[in-house]
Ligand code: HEC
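Encoded as C-alpha cells, the following chain is the form predicted alone, with no partner shown.
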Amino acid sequence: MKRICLLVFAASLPLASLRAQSDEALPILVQVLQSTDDAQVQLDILKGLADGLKGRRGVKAPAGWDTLAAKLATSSNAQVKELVQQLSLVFGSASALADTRKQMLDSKAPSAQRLAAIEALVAAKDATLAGPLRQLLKEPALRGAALRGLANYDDPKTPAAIIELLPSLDPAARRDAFGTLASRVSFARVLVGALAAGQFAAKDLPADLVRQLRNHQQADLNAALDKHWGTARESSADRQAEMGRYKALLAKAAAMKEDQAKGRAVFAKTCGQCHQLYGVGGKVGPDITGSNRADLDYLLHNILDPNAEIPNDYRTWNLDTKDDRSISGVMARQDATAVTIITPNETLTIARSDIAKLKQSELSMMPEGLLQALPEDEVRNLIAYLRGKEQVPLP
C-alpha cells in the first residue's frame, strides 16, 4: 500500500517546477525510486529531478541517495544511468565526478556519452576542466561542446588555443569559438587583437557578437572594433542614408545574376543561428518563413533597423556572472533559483547564486550592422534568397 501511495504522489508532483519549490520533496522521490523496478517510472522521475535541479550544484544529497545511485548504476537503461550520474554530480559526489571525467576522456566511448559527460562536468563547475577541454579541441565530434564549455573558465591559456584553431574550424565551430572569445574581457582583447592582425576577416565576426564585445564597455576594444570591423551608427539620418544606399545597390542587382543558393549559404552563417526559414535554423528569434519578405522596404527596414519595433519576447537580456563571464540572449525561463537564457550558440541555465547582474535591454536580440561586414555580392545574394518563394539547395 505504501508503494502505491508513493507512486501516486510521484505522478501528481509537478517535477518540472521542482526548482521553484523547497528540496523537501527529494527524499520522498528517492523513496519512490527505491520502491519501483519499472525503468520507465524511474526515467520519468529522474528526468523531472534533473530538470528541476538544472543550474544548481552543491545540493545536499537526500537520505538514501547513495544506496539508490548504486542500485540504478546497474540499470539496463542507459538514460537512467546517465541521469543518476548527472544528479550525483549535483549532489557533490566525488566518485561521480571522477567517473564522469574518465568517461569524457575515454576515446573508445560513444561520442554521445562523452558529450553528455562534458555537459555534466561544465554544469557541475568542475574546477579542473579547462585543460581537458582544450585537449578535446582536437576531436571534431567534441569540439563544439569543448569550445562552449571553455567560456565557463577564466583560463589565460584558452584564447590563444582557440585563435590558433580558427583557420581549421567549420562555420558552426567558428561561431562557438567567437562566442567563447567574446564572453570575457581578457578573451575579447585577444580576439580583437587577432582581428587587427588579420588572422581572420572582419566579415567572419557576427554582428551580434560585436555588440556583445561592445557590451564590455572597454574603450580600447570599442576603438579597435571601430577601426577594423566598423562603427555603430547612431542617428535616424544615418539609418535613412544606409537604407538608401542598400536600395540603390539592390536596384542594380536586376541586371546581375542573383544566386539564391549562395544567398542561402550567407543566411546560414549570418541569420540562421537565430531565425528559421523553411523549417531550417535557430529559435532565438521569430520564424520568418511567413513574413512579408518579398517587400524590399519591409525587409531592409527589419534588417537595418531591428530596434524599431521589438516584441518583448525578443528583447535582449544581459547577464554577468560572478566569475566575470558576460552572456546575452533571450529569456526562456526564470524563477527564484535559476535563469534560463537562449543564445545563438546554446541554451544556458544559470543558478541565481552565480549571477552578479541581470538586466533586460531596450534593444532587440537582432543586432544592427548585420550587412555592414558583408561584400556587396553577398548582400545581393542574401536579399535574393530572403525574397524567394521557396527553399533552394545549398551550393
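In this text, rigid core is short for the largest set of C-alphas that superpose within 1.5 Å between two forms. What you see is a predicted model, and the numbers here were worked out from it, not measured in a lab. Position 1 is the first residue in the sequence shown; the rest follow in order.
Although it is not shown, the form predicted in complex with the named molecule is what the next lines describe.
Q: If you check L166, I288, A161, L97 against the named molecule in the model of the complex, which one has a heavy atom within 4.5 Å?
A: Of the listed residues, the single hit is I288.
Q: Which of L142, V210, A188, C274 has a heavy atom within 4.5 Å of the named molecule in the model of the complex?
A: Spelling it out, the residue with a heavy atom inside the cut-off is C274.
Q: Is Y314 part of the interface with the named molecule in the model of the complex - any heavy atom within 4.5 Å?
A: Taking the distances in the model of the complex, the answer for Y314 is yes, it comes within 4.5 Å of the named molecule.
Q: Answer for Q34 alone: is it within 4.5 Å of the named molecule in the model of the complex, judged on heavy atom distances?
A: Judged by the heavy-atom cut-off of 4.5 Å, Q34 is well away from the named molecule in the model of the complex.
Q: Would P344 count as touching the named molecule in the model of the complex under a 4.5 Å heavy atom rule?
A: Flag for P344 set to yes.
Q: With the partner left out of view, is A351 within 4.5 angstroms of the named molecule in the model of the complex by any non-hydrogen atom?
A: Outside the cut-off, so no.
Q: If contact means a heavy atom within 4.5 Å, which one of 143-151, 68-76, 266-274, 236-244 is the stretch that engages the named molecule in the model of the complex?
A: Looking at the partner contacts, the answer comes out as 266-274.
Q: Heavy atom within 4.5 Å of the named molecule in the model of the complex: which residues of 359-395 qualify?
A: The stretch 359-395, when checked against the named molecule in the model of the complex, contributes S364, M365, M366, P367, L370, L382, L386 at the 4.5 Å heavy-atom cut-off.
Q: Please determine whether the C-alpha atom of T289 is displaced by 2 Å or more between this form and the one not shown following superposition on the rigid core.
A: Yes, T289 moves 2 Å or more.
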